[in-house]
Every structure is written in C-alpha cells, then in structure tokens.
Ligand code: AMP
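The data below hold one chain only, encoded as structure tokens and taken in the form predicted alone.
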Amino acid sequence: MPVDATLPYDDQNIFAKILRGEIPNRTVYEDEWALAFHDINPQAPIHILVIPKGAYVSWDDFSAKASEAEIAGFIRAVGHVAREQGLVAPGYRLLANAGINSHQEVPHLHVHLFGGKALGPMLLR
C-alpha cells in the first residue's frame, strides 16, 4: 500500500528492521551513513536499494532534517555503489519514490539503483 510521506517515521518498517539486523539482507555496501543491499524483487539485472541509516520517511523529510554530513554521506554512498557495481560507463537509473502518488511502499527514504542492461526510456502514463 502506498505510503503517506507526511506521516511520522515508523520504526517498525522493513528497512528499520533491516538496519537493526532483525531481517537479513544481501549487503553490497555499508558505512556510517548508509546501507546498500540487493532488492528482493529485482526489476533489472542489478537492482540495489540504498538507504540512509537515519530515520527519514522521504526526500522531503531527509532534506529538511538531516545534517549536512548525513546528506553528503548518503549521496556519496549512492555514487560509491554505482561505481563499485561497474555501472558508471554503461549507465544506470536512480529512482526515489516519495508519497502516495509515486507509490512509495516503505516509509523509509530509499533510492533504487537499476542497471546491468539498457533500461530504455522511462514512460509515464
């Protein structure tokens, strides 16, 4: 069910549980600011989720409340994962859903990193 990104952070969401080690994941990168892991329902040959370690519901929440260090660390983590996965030269797509109309499903900010094939144009209907 889509998430209302204006609601307070829910610390029982699946990504909060992953961060606490309550749910296993296939980690590809972790530092003090972010965790990156394979999506359990991949939509491309490479489909990795990158999440900040702080409790943020959406980009709006993150950009309004995160420290400069958290923002820089998260953005650098996304770039690091793309480079580490060999996606820079062939190209990749980043997607961050925010709120009901975007069909955000987890109330924790996350970026989908897609790659590993030609993804084609993004079509909105």
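One-based numbering along the sequence shown. Quick caveat, the model's predicted, so the values are computed rather than measured.
The same protein also has a form predicted together with adenosine monophosphate, omitted here; what follows describes it.
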Counting only non-hydrogen atoms, choose the one of 79-87, 66-74, 46-54, 27-35 that falls within 4.5 Å of adenosine monophosphate in the predicted complex. 46-54
D39 versus adenosine monophosphate, in the predicted complex: is there a non-hydrogen atom within 4.5 Å? yes
Does adenosine monophosphate get within 4.5 angstroms of any non-hydrogen atom of N13 in the predicted complex? no
Residue-level question: is E22 within 4.5 Å of adenosine monophosphate in the predicted complex, judged on heavy atoms? no
Since only the chain is shown here, I'm wondering whether H103 would be in contact with adenosine monophosphate in the predicted complex (any heavy atom pair within 4.5 Å). yes
Using the arrangement in the predicted complex, list in sequence order the residues of 84-100 with any heavy atom within 4.5 angstroms of adenosine monophosphate. N97
